[in-house]
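Take a look at this single chain, the form predicted on its own, given in structure tokens.
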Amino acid sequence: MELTVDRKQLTDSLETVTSVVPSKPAIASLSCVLVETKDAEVSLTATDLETTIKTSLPATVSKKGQILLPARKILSLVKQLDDKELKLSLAESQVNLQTSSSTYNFFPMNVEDFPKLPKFSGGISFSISSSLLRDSIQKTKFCIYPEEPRPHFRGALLDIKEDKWNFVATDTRRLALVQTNLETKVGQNVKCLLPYRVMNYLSSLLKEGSAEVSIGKNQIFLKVNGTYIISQLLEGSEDFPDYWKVIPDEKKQQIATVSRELFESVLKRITLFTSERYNKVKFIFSPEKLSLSVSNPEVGEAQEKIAIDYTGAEQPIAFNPDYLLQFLQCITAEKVIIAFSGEKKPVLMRPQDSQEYLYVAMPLKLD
């Protein structure tokens, strides 16, 4: 095998596939990247057995072939080189990486030791805007606790009905829902659980254009800008909570409207007086005014008041401020709707200008 490739493109591609390489692989070949050449391109593949990522980049190929290289070592080396182009070749029992002034030799592993790539079959297929998919991920993944023992809480639920896409995540203390219309109808209803780690991989890949998605019985296949991801789905989609029962009916709630920018800035200041042990902010909603306060014996006390659009009765509620800030940092709307019915009842929040993104947070005990 012999090829010449752009160093920057190789670096980007290696970073993409190396993201799936386990830090402590069960078998040695899982720490490697499989390099394969075609007529005018080279493909890179890495896997942790549950998720596989494959991407390609242009190359000048003099001799075709396959090699298996240590993923993180080759990435670290290539990132530190300065040349615009690199030459990669296999000679006898060594892989040579050459620049204009240096040569590095790697001992490759046996290509036959690399796991066979999973084959995807069956299921439904559709396309979705990359920006919409990225938006769905960013607005929900902060509600996931990846170490949760119950598998149905370790990922996001994809609930697809005809041309409607609901993307939902919850850790039982808060829940986020993004509703999107697909460009084309899907032939059947689908519910599946997308693993948290796959959401992280996609976040860096989704830029422009569209993503092609195929969902099978226990696998999902995605093609994004020439990169392929195939992953096992989480089990337990049937155990995911009925999220519509969790989301309060806005029409039956007290409604307050607040400036997003002002609300966020006040919360950031107030949280300076919280700590790991005392991480609670008290809110008092009263006509045209919201009072926020923290009393922390480890740090001190803080109080602020801001103007809001609210005409109901006085209502105290306590929150973990991080839960509110994570939601506010996901939106750009000028104003935020806060809907509540009591100090112990779930609170609904959303951008004032849209009902496509809904967020629910459980209050804390006031005392």
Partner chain sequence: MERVILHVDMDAYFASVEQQINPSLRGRPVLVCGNPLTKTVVASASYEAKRQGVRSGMSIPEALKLCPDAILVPGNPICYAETSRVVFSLLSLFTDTLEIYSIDEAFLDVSRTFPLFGGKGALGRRIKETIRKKTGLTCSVGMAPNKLLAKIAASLVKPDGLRIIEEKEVPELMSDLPVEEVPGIGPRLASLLSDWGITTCGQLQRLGENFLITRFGLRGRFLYQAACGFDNSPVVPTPPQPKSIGHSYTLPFNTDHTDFLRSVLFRLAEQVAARMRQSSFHGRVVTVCLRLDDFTTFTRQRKFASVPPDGRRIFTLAWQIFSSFTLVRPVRLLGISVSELSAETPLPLFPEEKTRENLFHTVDEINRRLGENTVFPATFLLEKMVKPPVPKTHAFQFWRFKHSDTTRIPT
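Positions refer to the first chain, counted from 1. This is a predicted model, so every value here is computed, not measured.
Separately, the form predicted together with the partner chain exists; it is not shown, and the next lines address it.
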query	finding
Proximity to the partner chain in the predicted bound form, single hit among 87, 161, 280, 72 (heavy atom within 4.5 Å)	280
Listed residue that, although the partner chain is not shown, lies within 4.5 Å of it in the predicted bound form (heavy atoms), from 241, 226, 123, 236	241
Which of 105-113, 200-208, 185-193, 169-177 lines the interface with the partner chain in the predicted bound form (heavy atom within 4.5 Å)	169-177
Contact label in the predicted bound form: residue 246 to the partner chain, heavy atom within 4.5 Å	yes
Partner contact for residue 276 in the predicted bound form: the partner chain, 4.5 angstroms, heavy atom	yes
The partner chain contact in the predicted bound form: residue 351, any heavy atom under 4.5 Å	no
The partner chain contact at residue 360 in the predicted bound form, heavy atom, 4.5 Å	yes
